[in-house]
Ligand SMILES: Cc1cc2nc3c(=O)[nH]c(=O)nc-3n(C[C@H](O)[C@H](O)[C@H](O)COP(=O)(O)OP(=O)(O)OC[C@H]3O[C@@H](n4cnc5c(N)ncnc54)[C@H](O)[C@@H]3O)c2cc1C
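Below sits a lone chain in structure tokens, taken as the form predicted alone.
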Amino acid sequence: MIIRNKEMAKIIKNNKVKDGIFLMSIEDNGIAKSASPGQFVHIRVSDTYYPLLRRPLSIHNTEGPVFEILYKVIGIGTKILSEKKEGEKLDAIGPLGKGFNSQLAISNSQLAIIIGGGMGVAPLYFLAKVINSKLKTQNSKLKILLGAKNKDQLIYEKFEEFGNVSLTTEDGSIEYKGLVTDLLLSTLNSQLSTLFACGPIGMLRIVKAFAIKHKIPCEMSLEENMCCGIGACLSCAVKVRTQKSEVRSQISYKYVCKDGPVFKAEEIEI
């Protein structure tokens, strides 16, 4: 973990890419060089004590000494963040959390599927980029399934360079009409596949059930509110099930910020 306090990260750009959705590029060589897909940064959005808590934001991409965050304005914190200008400094802690195991894409399957719903696409672009680089020398394929409420909320354009992209919206405003999980059910074939997912909890429940039913390795990133970002405050607890024997299991807790945000699908109770 790299902690940047005295020498803060520099904003390179902060552009609106969709209605209420922004892409910010931040220069911090320590964070950018050590980040892996699925990890996040904890950002202090104001120099004052309001809002008090940092905002956890997925690392969307890295290029050299620069990392990117893709975020949606949903409250006072992200509203303040959206008003930041080029050249301003940010107090950022990261990279934090446990990311995706991209090696699964080539070690366990001939077909890797990435599925994202809504702002769940935020950590998945970085993942698609890394998997694509690994698959270039492998007899494997990458399929990307993305969904949102409508085309104005669907972030997909940059994904097309990394794999076969299928899109769906709830209102049918682009490609298929329906939920992104509908695409999953109609896409998967008899090949042994690996699934990587991030999105709303309802979407993840369907992906988890599908993966377990068909015995497909699956990792999913949880979207949770966090306070400390390092497992101290225990505010982002998630239930996990530990198999004690063939007939007995035990429920305990792990923490999204420290033990996740990426978990094996069969591990978490959602």
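Given the structure is predicted, the values throughout are model-derived calculations rather than measurements. From 1 onward, residues are counted along the sequence shown.
From this point on, the text means the form predicted in complex with this ligand, which you will not see here.
Partner absent here, but in the predicted complex, which of 156-164, 76-84, 143-151, 175-183 has residues with a heavy atom within 4.5 Å of this ligand? Within 4.5 Å of the partner lies stretch 76-84.
Does Thr48 make contact with this ligand in the predicted complex, using a 4.5 Å heavy atom cut-off? The answer is no: Thr48 has no heavy atom within 4.5 Å of this ligand.
Contact of Ala122 with this ligand in the predicted complex (heavy atom, 4.5 Å): Taking the distances in the predicted complex, the answer for Ala122 is yes, it comes within 4.5 Å of this ligand.
Against this ligand in the predicted complex, would Asn225 count as a contact residue? Criterion: heavy atoms within 4.5 Å. Contact with this ligand, yes.
Even though this ligand is not shown here, does Leu204 get within 4.5 Å of it in the predicted complex, heavy atoms only? Judged by the heavy-atom cut-off of 4.5 Å, Leu204 is well away from this ligand in the predicted complex.
Of Leu70, Ile31, Ile26, Met220, which residue is found within 4.5 angstroms of this ligand in the predicted complex when only non-hydrogen atoms are counted? Comparing distances to this ligand in the predicted complex, the residue within 4.5 Å is Leu70.
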